[in-house]
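Next up is one chain by itself, shown in structure tokens, the form predicted alone.
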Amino acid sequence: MRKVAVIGAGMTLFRRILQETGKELSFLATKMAMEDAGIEKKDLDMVIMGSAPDAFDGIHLKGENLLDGAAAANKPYVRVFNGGGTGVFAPIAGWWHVASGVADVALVVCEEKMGSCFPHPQTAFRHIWDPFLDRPLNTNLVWLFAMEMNRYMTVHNIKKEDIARVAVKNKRNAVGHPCAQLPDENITIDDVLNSEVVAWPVQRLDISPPSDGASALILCSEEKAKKYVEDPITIAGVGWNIDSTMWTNRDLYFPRYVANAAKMAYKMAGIDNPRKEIDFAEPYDPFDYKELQHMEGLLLCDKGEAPILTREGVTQRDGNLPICPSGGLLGVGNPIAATMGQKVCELYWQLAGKAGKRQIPTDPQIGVGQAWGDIMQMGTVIVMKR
């Protein structure tokens, strides 16, 4: 199995509604990534597209629809998706094509056009539920996550303000991100606690915004990567895991599927003690409590310890364990699959010293990114090293 390097990345603006089509967004992200890597379309051996429900773009078989914007015409091409987990699973799919020797250079593109789904992107999820067990409850994702958040808070006796700190940190971190949708350098804990209640204990500012956007990565065999860069950033480990669809049969306070995926990735990367060996992390944060829960799922701290670390400043960009230095989904935006920009592209930018105003000051060497999808059941994890 060959080592795989990341040699380029690109990311569009993230906004609630963008005028560009999904093809155009894919093109823009692809163009940026190829220019960053110094390659042309002829250098690509294959293309991997990551994009979540067809309902967002309103086009069935939207993978085929998007390929023209992703430099995939007349190339081997595949689309992968597992809900929110896609933003990390798509680069994992790119990794296995290069690691296996099927491709020397692979382009990974992730796109989401949530603004096309009216009256709200939540309507795309009306038909993901079991028609007999779930749908009669009039289930929606926000109140389901509210149940999970409440369970997490209850088990560990967590105060709401300790969760609100995550939203404050990430929206402030996003101020330095050129693509950010909701950066706010002046946001306070009181702002979060006083925002509209959506489904208790979830409030408006606990939630990341729905977004349009795209991101792209160029993956390359380590041997060939040296043609383009002197010190390649490598993918050291990958992991993915899925739990039962029956969310009513699981204790929602801990994401064991994330822990299983993390163990797989850490084993591949040769990491025995992630708390000491990981320099920074980009856990999936569509809600502020999820960053905390996913920190614990990534084995970066004990169960119930993440809120304490956040309160003590450990997770700040200049702390001992920076968490979501990009600004995460809460600050930059949440175009489902395209959050590869925050969760994987950001690892590359930080490790390559290309993060600009977001750059972690402690010269990071190892980072971990994670995404979460399907019905609170999918964990995808990637570890990258300098």
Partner chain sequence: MMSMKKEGYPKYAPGTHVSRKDIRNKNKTYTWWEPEVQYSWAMGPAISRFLQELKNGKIIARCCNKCDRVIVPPRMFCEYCYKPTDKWLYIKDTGTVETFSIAYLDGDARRIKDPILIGVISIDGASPQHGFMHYFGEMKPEELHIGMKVKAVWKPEKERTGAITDIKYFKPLKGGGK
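Since we're looking at a predicted model, the values are computed, not measured. Residue numbers count along the first chain shown, from 1.
Not on display, but discussed next: the form predicted together with the partner chain.
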I'd like to know if V368 sits close to the partner chain in the model of the complex, meaning any non-hydrogen atom pair within 4.5 angstroms. no
Mark L137 yes when one of its heavy atoms lies within 4.5 Å of a heavy atom of the partner chain in the model of the complex, and no otherwise. yes
* Does K226 reach the partner chain in the model of the complex, with heavy atoms at most 4.5 Å apart? -> yes
Does D272 reach the partner chain in the model of the complex if we count a contact as any heavy atom within 4.5 Å?
no
The stretch from 320 to 328, 345 to 353, 43 to 51, 61 to 69 that lies within 4.5 Å of the partner chain in the model of the complex, judged by heavy atoms, is 345 to 353
Query - Candidate spot T12, P178 and R250, all three touching the partner chain in the model of the complex (heavy atom, 4.5 Å) - result: yes
Heavy atom within 4.5 Å of the partner chain in the model of the complex, from candidates M268, I189, L299, V198, belongs to V198
The one residue among K263, R204, K160, R311 placing a heavy atom within 4.5 Å of the partner chain in the model of the complex is R204
Contact check, 358 to 384 vs the partner chain in the model of the complex, heavy atom within 4.5 Å, ordered by sequence, gives R358
